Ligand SMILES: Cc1cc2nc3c(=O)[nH]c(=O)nc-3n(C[C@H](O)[C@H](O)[C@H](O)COP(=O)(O)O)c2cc1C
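As a starting point, one isolated chain is supplied in structure tokens, in the form predicted alone.
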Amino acid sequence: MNEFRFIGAAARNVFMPMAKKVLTRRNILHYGGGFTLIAGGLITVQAFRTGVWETGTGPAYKPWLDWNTDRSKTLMPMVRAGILASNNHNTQPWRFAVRRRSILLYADTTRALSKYDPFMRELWISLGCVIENMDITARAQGFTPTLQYAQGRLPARPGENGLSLAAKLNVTKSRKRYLKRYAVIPSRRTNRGPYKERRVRKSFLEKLTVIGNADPDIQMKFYESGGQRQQIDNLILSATRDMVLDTEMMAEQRAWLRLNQDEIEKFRDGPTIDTLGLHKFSLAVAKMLPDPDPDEMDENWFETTRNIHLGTSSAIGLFSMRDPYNKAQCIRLGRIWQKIHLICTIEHMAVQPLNQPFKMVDRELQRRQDPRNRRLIAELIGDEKWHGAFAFRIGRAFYEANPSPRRPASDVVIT
């Protein structure tokens, strides 16, 4: 299996539904020999509208470039690093209150996904990712950080402004300590493209497993092959189908998708076409075509999950927790995930969360439905004391992923 096969799969899964839409409007779209020709001057208009030549550029991406240019003696460098953290659906559900020697991190529940993450578990995991970046940066700035996590269970009860205190980070002056993970904070990406058919080194997976099992309330295991690998693949694919059939979940997911440059600059959040993991040529073509039909987008996501996300992964990692609705445990899981993601970045390894089963567990609980996904996860784990909470794939990518847009630090700081 090679790169060209995956480019062809991307064309089938992403472009062909768009092509059907173009043809019904009597525009001319011709596919052949890997080249796409679109008749008329509409191509230029669409190209500028969607930012064909502006991948990862512009004000929406500036936070990735100036994250460590602040030479002030304030704690703002920690915030600038924090906002580059991995987070659920790029909703960026955070606000910060910066004091002289402390930072208060709040969950911004106005950015929560009521169907996609009804108990805000992934939102709080995202805040743990923020804290890990802040902790690393604090040490590089010459501070020793200490943390206090919010207690209690999810969902969180926000105040009148939609904010819920998640953690307080206090710092004291010390010598500067640069960790390797600090240098790759602006290089971390979620890679949704195809991965190479090369097994990840066993020693590297063992290293990550040690990190994933360092917390007594969290455990992690890799599934590489055999019956259990097939079991978790089937679990993820089945949950993806459940989500596709849930029109409310899909509508909420699509509401955050930014399909053109104007939307990217306006909102500076959410997934974009640039982050779908397409080859550069395929990405340019995708941007030139009209927006696809929502139902076809959902079906394409299912096919991509099966053929690309699961079909090309060397291994699937699974985090389990003693209590997946405990605030502090979710934050600590987020810290571990961010640490693993940064280490993978150092090693030029690609990763991508695949949390469909756990989203469906929460959705079934929200709708008081038969807890089918919870049962399937429990069968896989085989220990009633542990509950699945987060899954991801790992491998070596064919091509680099693009950055996602970010709101500037100044927009998320409370005065």
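Since we're looking at a predicted model, the values are computed, not measured. In case it trips you up, residue 1 is the first one in the sequence shown, and so on.
Keep in mind that the form predicted in complex with the named molecule is not shown, yet the notes after this line are about it.
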Partner absent here, but in the predicted bound form, which of 260-268, 69-77, 117-125, 279-287 has residues with a heavy atom within 4.5 Å of the named molecule? 117-125
Contact with the named molecule in the predicted bound form for residue 359, defined as at least one heavy atom pair within 4.5 Å: yes or no? yes
Residue 188 within 4.5 Å of the named molecule in the predicted bound form, heavy atoms: yes
Answer with yes or no whether residue 129 is in contact with the named molecule in the predicted bound form, where contact means some heavy atom within 4.5 Å. yes
Residue 192 near the named molecule in the predicted bound form, any heavy atom under 4.5 Å? yes
If you check 86, 304, 320, 313 against the named molecule in the predicted bound form, which one has a heavy atom within 4.5 Å? 86
Position in contact with the named molecule when the complex is considered in the predicted bound form, options 300, 164, 240, 90, heavy atoms within 4.5 Å: 90
Checked 384-415 against the named molecule in the predicted bound form; residues with a heavy atom within 4.5 Å, sequence order, are 390, 404, 406
